[in-house]
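The chain below stands alone and is given as structure tokens, in the form predicted on its own.
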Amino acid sequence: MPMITAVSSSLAIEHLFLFQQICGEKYVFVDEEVLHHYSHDETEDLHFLPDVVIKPGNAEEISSILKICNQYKIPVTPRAAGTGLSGGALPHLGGVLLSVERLNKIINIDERNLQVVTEPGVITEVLQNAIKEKGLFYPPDPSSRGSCMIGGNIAENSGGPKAVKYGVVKDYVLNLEVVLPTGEIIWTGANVLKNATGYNLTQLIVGSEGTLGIVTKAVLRLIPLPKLDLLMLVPFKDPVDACAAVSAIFAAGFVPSAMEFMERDAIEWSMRFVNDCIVPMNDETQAHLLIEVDGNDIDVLMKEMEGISEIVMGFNAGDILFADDAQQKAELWKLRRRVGEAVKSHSVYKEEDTVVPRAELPVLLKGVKEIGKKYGFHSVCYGHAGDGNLHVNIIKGELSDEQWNGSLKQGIIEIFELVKSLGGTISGEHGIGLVQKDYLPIVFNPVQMRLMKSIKALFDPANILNAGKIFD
């Protein structure tokens, strides 16, 4: 066991011994290598060392830990896989980093009621694959589904490409076991599809970014697995035309199972990053839409693809690439899912997770580029076009540190003010966390802010759980 010394004004040696008694010595870490590993998530290049990392094994252990932290006002940062992009898992106040990675069991797949009971440390794709073996489907699929965990998905109300047809995490959560900051363990609802019994505590926890409680079990709704899907990649000379085609497709009565937008830089950088998938592009191509339809009748799907193809041709689309087989589909999806990593590997960046009504996407994209010219920054845009969810990656590139840490903020404010004016908001699926909280007053007035702060104070009177996230 590493030697334990006092680590902060709030966390003392005796607290560490108490944590060891609760979880066992091997699940309480104070060595620098472990602390450094848990000092960051996928948010920009930010690092904050916790004072201790604890890996409890069940809700009762988490309850005991939180009771101690609540009594002694020790900050606690809950963490799932650490794939977040808004700093939600950053232990910026030190204290306890509480990882749920040991709570990694799929407890029960209920095929009769189309439900699954799972712990929060289960990898999203692992859960999806286990359910798929039963002929069932859990649609939320963030780009990081191969590494992110169900607990983090619930905390951020994650979406992903399938959200355009099937909805986001909140649409599948029926009931949650939650440990409150004060240590009490509660269930938030019932395992039913309809529930008009009191306030909806379940949906209050979903998307609360680990500030109100720690999820230790989740009951999720499932649906039958679609047996077939078709995929096409549509090139456009003008990114604004690509965005304009999106709402036209829906207006014509089509509901794709996925509709993803990628600027030329996004797909080029991803191809270089992946290095084993090449999409032919001519010099005129400036953007792509990746469009998928799914269902159980191949004739119906073929007619949908034909109809969508006719519509995009009215927006100056180029030659459409239809995925011929499962391998080509997987390669195209790999390119889309790896864009974020590709951008991060290319440069220091800031990712803004904007979302507007889908018909306003062309105005948003055009505005982002104009604001970029005004403040001298380059942006790479991609995202879930069918939802109106545009990820704006601002590249540091040649910007000076003074610009990056100074005037750029005003440019981001202008982007968010544009989003607000279009009827949108400043995060569709990444959350507010640590890095976006300064911008929250752009979309919420003082009354709304007061209500949210009052809810936080009611759940967490000592303000220990993920304090300083969403708002100060």
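Position 1 is the first residue in the sequence shown; the rest follow in order. Source: prediction; values computed, not measured.
Although not depicted, the form predicted in complex with a further copy of the same chain is the subject of the following passage.
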{"item": "Distance check, S309 to a further copy of the same chain in the model of the complex, heavy atom within 4.5 Å", "value": "no"}
{"item": "Distance check, S208 to a further copy of the same chain in the model of the complex, heavy atom within 4.5 Å", "value": "yes"}
{"item": "Contact label in the model of the complex: W404 to a further copy of the same chain, heavy atom within 4.5 Å", "value": "no"}
{"item": "Partner proximity in the model of the complex: S247 to a further copy of the same chain, non-hydrogen atom cutoff 4.5 Å", "value": "yes"}
{"item": "Among the candidates V255, I106, I320, A330, the residue which, in the model of the complex, approaches a further copy of the same chain to within 4.5 Å (heavy atoms)", "value": "V255"}
{"item": "Sole residue of I413, V443, L46, V34 within 4.5 Å of a further copy of the same chain in the model of the complex, by heavy atom", "value": "V443"}
{"item": "Contact segment among 232-240, 170-178, 320-328, 69-77, judged by heavy atoms lying within 4.5 Å of a further copy of the same chain in the model of the complex", "value": "170-178"}
{"item": "In the model of the complex, residues of 449-472 near a further copy of the same chain [heavy atom within 4.5 Å]", "value": "R450, L451, M452, S454, I455, K456, L458, F459, I470, F471"}
